[in-house]
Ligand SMILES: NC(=O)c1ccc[n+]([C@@H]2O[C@H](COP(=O)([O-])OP(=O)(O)OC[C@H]3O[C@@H](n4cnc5c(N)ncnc54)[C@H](O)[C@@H]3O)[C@@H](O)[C@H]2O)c1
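Single chain ahead, written as structure tokens, the form predicted alone.
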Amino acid sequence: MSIAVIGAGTIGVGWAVVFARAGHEVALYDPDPARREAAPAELSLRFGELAEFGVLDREPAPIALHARLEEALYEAEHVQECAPEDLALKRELFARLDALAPPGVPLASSSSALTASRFAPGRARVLVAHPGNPPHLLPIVELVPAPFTSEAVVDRVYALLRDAGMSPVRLRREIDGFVFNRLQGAVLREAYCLVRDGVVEVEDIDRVMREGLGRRYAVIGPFETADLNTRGGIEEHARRLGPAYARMGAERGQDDPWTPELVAHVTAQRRALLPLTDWDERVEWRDRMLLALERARREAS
């Protein structure tokens, strides 16, 4: 399968690595001669690092650099756009992509916050496929269709990315910033406030994340963390700590209570994933994963 990656910056190079290591030939386009000149060394470095750590499972497929957009798109079966986060630029670029790419080929944007409705209105083959940075090391990718995006296109992109070793997540509707950056933004907003209010220094914020929340979130997410931190599960966690979190939110002018209906909705999803009869076993698994992480950190230091 031939993949066109549009833009040879950090995200574009990362996507090229993702697709090439999965066996797809990649046409990497950038209008900037300096980026085209720098990209081969960056690609070699990325593949070398993957090989050094034993996570490169096959010889990568070829990656060709292109100076002309038409050439990069000629045989493309998937297009991954990685241009700067500029609305006017993306509108112009997606008009060209829609005109030049073979009919029916999905056009996926790596946009970090802009929705497809804003830069490609009405185009059924366009959606956002927002990766973490760098894409070749963080497998998560958010699929954000516009109301007009074809469901078949979403299915096709989901299958491609899953088979390429990524972990795609479908959003049910468009929202600025998607999920990744909204979660990240919530942490950053509070971190800035804590520094502003003289509660703690910058390095201490990073240490709390690095040695506490970050380690835990490397194994499980916030909902599962709450579920496993309180015997009785997330419903009991919300009963005990919900008022405290509501007070913390109120300090920042937020009024987003964990209503009984919302807690019941979240609880139902958690219990479908983990019956309380398996709670102790999952807690033991979490602790073993944290031990494995600690061992890896010590070995790497």
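The structure displayed is predicted, hence computed values, not measured ones. For every residue, the number given is its place in the sequence shown, counted from 1.
Note that the form predicted in complex with this ligand isn't included here; everything after this is about it.
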(message) Please identify the residue among Pro40, Pro257, Gly233, Pro31 with any heavy atom within 4.5 Å of this ligand in the model of the complex.
(response) Pro31
(request) Let me know the one among Pro84, Pro222, Pro102, Pro121 whose heavy atoms come within 4.5 Å of this ligand in the model of the complex, would you? (result) Pro84
(request) Considering this ligand in the model of the complex, find the one stretch among 161 to 169, 90 to 98, 187 to 195, 143 to 151 with heavy atoms no farther than 4.5 Å from it. (result) 90 to 98
(request) Answer yes or no: in the model of the complex, does this ligand come within 4.5 Å of a heavy atom in every one of Val17, Ser44 and His136? (result) no
(request) Answer yes if any heavy atom of Arg35 is within 4.5 Å of a heavy atom of this ligand in the model of the complex; otherwise answer no. (result) yes
(request) Mark Ala8 yes when one of its heavy atoms lies within 4.5 Å of a heavy atom of this ligand in the model of the complex, and no otherwise. (result) yes
(request) Give a yes or no for Pro106: in the model of the complex, does one of its heavy atoms lie within 4.5 Å of a heavy atom belonging to this ligand? (result) no
(request) Could you confirm whether Ser117 comes within 4.5 Å of this ligand in the model of the complex, counting heavy atoms only? (result) no
(message) Just to make sure I understand: among 113 to 144, which residues lie within 4.5 Å of this ligand in the model of the complex, judging by heavy atoms?
(response) His130, Pro131, Asn133
